[in-house]
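Just the one chain here, laid out as structure tokens, in the form predicted alone.
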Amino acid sequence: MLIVPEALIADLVSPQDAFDAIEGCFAAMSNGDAYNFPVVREALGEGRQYGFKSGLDRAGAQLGVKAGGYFPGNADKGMINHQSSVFLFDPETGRPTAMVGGNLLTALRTAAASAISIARLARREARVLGMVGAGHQATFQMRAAARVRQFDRVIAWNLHPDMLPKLGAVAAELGLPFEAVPLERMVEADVIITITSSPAASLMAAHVGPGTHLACMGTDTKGKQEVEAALLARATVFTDEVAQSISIGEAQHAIAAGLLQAAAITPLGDVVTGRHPGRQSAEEITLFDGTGVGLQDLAVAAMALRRAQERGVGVKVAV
């Protein structure tokens, strides 16, 4: 078994690598070659969450599990709040093949999924990017979005405004004017990314204009909610996996309110493979409910493992 520690990941997997791996993952799911196992998620108290996401990709010969969660007190200890590791196994024998640091990979695969939704569903002429949330993953989201659309400016809101300058600095690196705005001004955005850990909706249907694409990336646990349920009723809804969308994703609230049916939600992989046309009008609101599936973690971890093997890095251990 090869241990690929967190410190090596940045040199092994680029944002483009993650984009390619996650797009391939979406396609494998759409083609029926890959599926996720049920998510295990537990609340540990004081906002802490811990769980397991796992799956099997027959086409990619990937079997494994990501173990990790969200620990909001970590920032005070000099660590990021999301902590995880990915374990890979030989799907034929069950033999462990790798343990891979999952912190950066989680941020990269989440941003890649969001960017794929923007590339596939946002209007080509989208010019204003709206950001709701300014935590650790928000900077990855902004950079990934800027790689797939030529934005002219960024507007942003965060519950704690003192965190927005960090996001503004990334916008400056990208050459994009940046403005902190109230949520009511999100109606100016052509693309909106929500990336928060909110337990209650902040973005309302009235904050979103016709033709907007939304990538809702923060809701991955029962009870979390970033956007008003009425917004999903107005939108054409896409997701990484329907089962997760309706149980732990943003759609859970619209389903519970009777505003959305599971049959109306389309896997984004069906757009990638051409089974669904995606956006069908300039006025249509499209929404991607990115719940984060285990197969995505396996895809980027497998890429990190391949690169580590090619370069002869990592720590080999006998099992």
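A residue's number is simply how far along the shown sequence it sits, counting from 1. Owing to the predicted nature of the structure, the values given are computational and were not obtained by experimental measurement.
Heads up, the form predicted together with nicotinamide-adenine-dinucleotide isn't pictured, but that's what we're talking about next.
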Is residue 163 one of the residues lying within 4.5 Å of nicotinamide-adenine-dinucleotide in the model of the complex, judged by heavy atom distances?
-> yes
Just to confirm, residue 198 within 4.5 Å of nicotinamide-adenine-dinucleotide in the model of the complex by heavy atoms?
-> yes
Spell out, yes or no, whether the shortest heavy atom distance between residue 217 and nicotinamide-adenine-dinucleotide in the model of the complex is within 4.5 Å.
-> yes
Could you confirm whether residue 81 comes within 4.5 Å of nicotinamide-adenine-dinucleotide in the model of the complex, counting heavy atoms only?
-> yes
With nicotinamide-adenine-dinucleotide left out of view, choose which of 86, 115, 134, 142 has a non-hydrogen atom within 4.5 angstroms of it in the model of the complex.
-> 134
Determine which one of 94 to 102, 205 to 213, 181 to 189, 107 to 115 lies within 4.5 Å of nicotinamide-adenine-dinucleotide in the model of the complex, judging by heavy atom distances; exactly one does.
-> 107 to 115
Looking at nicotinamide-adenine-dinucleotide in the model of the complex, which residues in 266 to 293 have at least one heavy atom within 4.5 Å of it?
-> 290, 291, 292
